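Let's start with one chain on its own, the form predicted alone, as structure tokens.
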Amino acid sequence: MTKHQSISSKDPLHIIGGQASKHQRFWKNRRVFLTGHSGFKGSWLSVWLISMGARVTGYALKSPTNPSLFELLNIKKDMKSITADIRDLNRLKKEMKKARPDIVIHMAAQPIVRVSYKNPPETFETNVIGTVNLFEAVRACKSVRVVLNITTDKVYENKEVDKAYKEGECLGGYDPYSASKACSEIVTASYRDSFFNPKDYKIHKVSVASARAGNVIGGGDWASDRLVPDFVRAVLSGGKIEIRNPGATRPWQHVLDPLNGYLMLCEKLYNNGPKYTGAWNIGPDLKDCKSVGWIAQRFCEFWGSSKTCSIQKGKHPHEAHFLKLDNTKAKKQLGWYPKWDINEAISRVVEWTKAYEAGVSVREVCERQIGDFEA
């Protein structure tokens, strides 16, 4: 199917490579409460955690896309999957208490910029009040030792200059999505300072952090109004590939790179208490911050077709032009670094999509790509 080495979905991924072995030793039998597990990133993380023997409880609405990566992966039988709304505080408290997690990873969100323009109230309710509810549930659940809130590169006050933002810079947000995720970061900091202060760690024993990734791509993302999913739909349907802002620069990365960072950060938070609390940029190196036009061209080249891109006509809502993250802190303090550059990332999306088109088991493809990444 591909030039990459294949492994069976039944193979234990933890035997491939030293890093995988370290991850597996920590996560085996670890109780994890993952919100947003039915989404694109949540589905990939669920597969990875399950492969390492973690006991995963997922809490999310039904996947909003069709096809749905979560449904295609058929992993419900290997985890406890709860269909519920992050805005339902009583249900969230009940399910978290029942799961008794060691680690809580919060991914549930309304994640699309253009959708946030169409429905600002739902965006703010989900991304801000949902985060408040998450921490209220954690406060009521005595088993929790680590809380990681996954936000976005768009939380910074973007001054539209060609620079990489560091964790300590001002938060902001032009569009409702970006503003809501900046608010989610403020909520996280408030709960950390007010209820889980590192100075009182010996009393509460909870470590709290947030992680800000770049523009994540990977196989199985069918979200609306995202660049690479729009490409995938176009090539699979024979339609036109259209882009809105060819000159806009983004920090692109394959989904496995930030997920690897999240796993490493959770391990550090669990083993070293308050030393790793705070905000972390888990973004790509600056060389992989490319324009939308560049990504479009490379996708067409890797797909191997004669398809070309055109600029979508009409007026579009404001989106940031320059956006880059400084990942120095994660490299120096976590020992994390990006493993797959942008060319490898696009190659893997194309590989996954062609396998899906050919009717190959997508769970097998995901597990093999995880194995390749870990190796």
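Quick caveat: nothing in here was measured; it's all calculated off a predicted structure. Position 1 is the first residue in the sequence shown; the rest follow in order.
What comes next is about the form predicted in complex with a small molecule, which does not appear here.
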Heavy atoms within 4.5 Å of the small molecule in the predicted complex: which stretch in 190 to 198, 214 to 222, 286 to 294, 272 to 280 meets that?
214 to 222
Answer with yes or no whether Lys93 is in contact with the small molecule in the predicted complex, where contact means some heavy atom within 4.5 Å.
no
Gly39 versus the small molecule, in the predicted complex: is there a non-hydrogen atom within 4.5 Å?
yes
Give a yes or no for Val104: in the predicted complex, does one of its heavy atoms lie within 4.5 Å of a heavy atom belonging to the small molecule?
no
Taking any heavy atom pair closer than or equal to 4.5 Å as contact, tell me whether Lys268 reaches the small molecule in the predicted complex.
no
Contact residue in the predicted complex, from Ala182, Ala109, Ala99, Val138 (heavy atom within 4.5 Å of the small molecule):
Ala109
Among Asn133, Ser210, Thr126, Ser178, just one has a heavy atom within 4.5 Å of the small molecule in the predicted complex, namely Thr126
